[in-house]
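Below you will find one chain, with nothing else, as structure tokens; this is the form predicted on its own, and questions on how it binds or moves follow later.
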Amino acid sequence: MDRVSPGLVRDAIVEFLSGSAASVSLKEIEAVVVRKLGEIPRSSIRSYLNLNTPSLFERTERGYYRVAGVNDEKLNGASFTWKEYQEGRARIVHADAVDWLRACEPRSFHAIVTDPPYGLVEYSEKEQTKLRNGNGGGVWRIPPSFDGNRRSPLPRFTTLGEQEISNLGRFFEKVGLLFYRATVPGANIVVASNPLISHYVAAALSKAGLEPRGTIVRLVMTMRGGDRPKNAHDEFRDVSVLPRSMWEPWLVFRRPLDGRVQDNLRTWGTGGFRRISKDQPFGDVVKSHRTGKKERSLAPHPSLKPQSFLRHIVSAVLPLREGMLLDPFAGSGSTLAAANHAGYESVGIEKDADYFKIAKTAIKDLGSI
């Protein structure tokens, strides 16, 4: 076994604990550090925590630690004012997801289903302004109209450079740590992605200490790929630059269990997926379709997924049909609408003021389809 530098142990612990006012158990800290650095003696982690308490870490009670000097009031939300709206059993919050996740109570959620800004660039204020003005320049590709039908815009992920890909990895590792903190042991975490960048997202979430549990394949024909070479369509009529996309990956992760699956189910109500029926387990290939015109009119968002697909996923992530669902990148509220349909309590976080406004009506409207 290669010797691990004490500095790496320190950095891994600080990274996991930083930004959280809540204390975290030694067991959770050990799990994250081992996943990040590989198999190292647990005694090294415990020694490092004890040797640096209270100079770097604060032991709040036996076996529980946090970063020293954290301001409880600020990180528990006292300094934040967020607009909220309740529709049925769903609550939508106008906030930055990272700020909100840092301030929320740890172990508050039993599952996460989200379609995040997985290119980051496409949901910046600059690119959203371009999109709303109908400008196809930049990262948003506006496909041409065919047969009188206007096509929905698509993120052009081939425009992402080396720096943007690096930023993406750092962002999802940070988000993954916050997902870990916000969820109970055994919680399912299902994250929509794209075939071009899903491996970056998966690597970052794994690095944060979440357990990879496979990929849900959404079978759907999109407008992505299949194009001939730009400005050389006639010369290379028999060539496609990329394969036409016929599927969409939804990455499946799990917060590490507390004991065996049966123990976790008894204690937390999590640790698996709800079966379709007694004889049919939940499967990882789901036939789907592009989101219909009616749903898009109710919830105009460029990444809107159909309710039929979301209801299938949402229904399965709480194995005992109990607990709280989170969508930290809620958009126009479609996941919350699916949660209402399933009878689940849910919370959604949305940073964009326009999408938050849309969600206030769309959650109810989509839920009634």
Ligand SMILES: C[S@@+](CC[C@H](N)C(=O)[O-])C[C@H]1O[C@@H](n2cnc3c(N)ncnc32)[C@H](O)[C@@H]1O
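Since the structure is predicted, the reported quantities are computational estimates derived from the model, not experimental observations. Position 1 is the first residue in the sequence shown; the rest follow in order.
This next part talks about the form predicted together with the ligand, which is not shown.
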I'd like to check something about residue 357: if you look in the predicted bound form, is any of its heavy atoms closer than or equal to 4.5 Å to a heavy atom of the ligand? no
Is residue 272 a contact residue for the ligand in the predicted bound form, using a 4.5 Å heavy atom cut-off? no
Whether residue 87 contacts the ligand in the predicted bound form should be assessed with a 4.5 Å heavy atom distance threshold; does it? no
Flag residue 349 as yes or no: does it have a non-hydrogen atom within 4.5 angstroms of any non-hydrogen atom of the ligand in the predicted bound form? yes
Only one of 314-322, 328-336, 57-65, 32-40 has heavy atoms within 4.5 Å of the ligand in the predicted bound form; I'd like to know which. 328-336
Contact test, all of 10, 26 and 256, partner the ligand in the predicted bound form, heavy atom 4.5 Å: no
Which of the residues spanning 290-314 lie within 4.5 Å of the ligand in the predicted bound form, based on heavy atoms? 301, 303, 304, 305
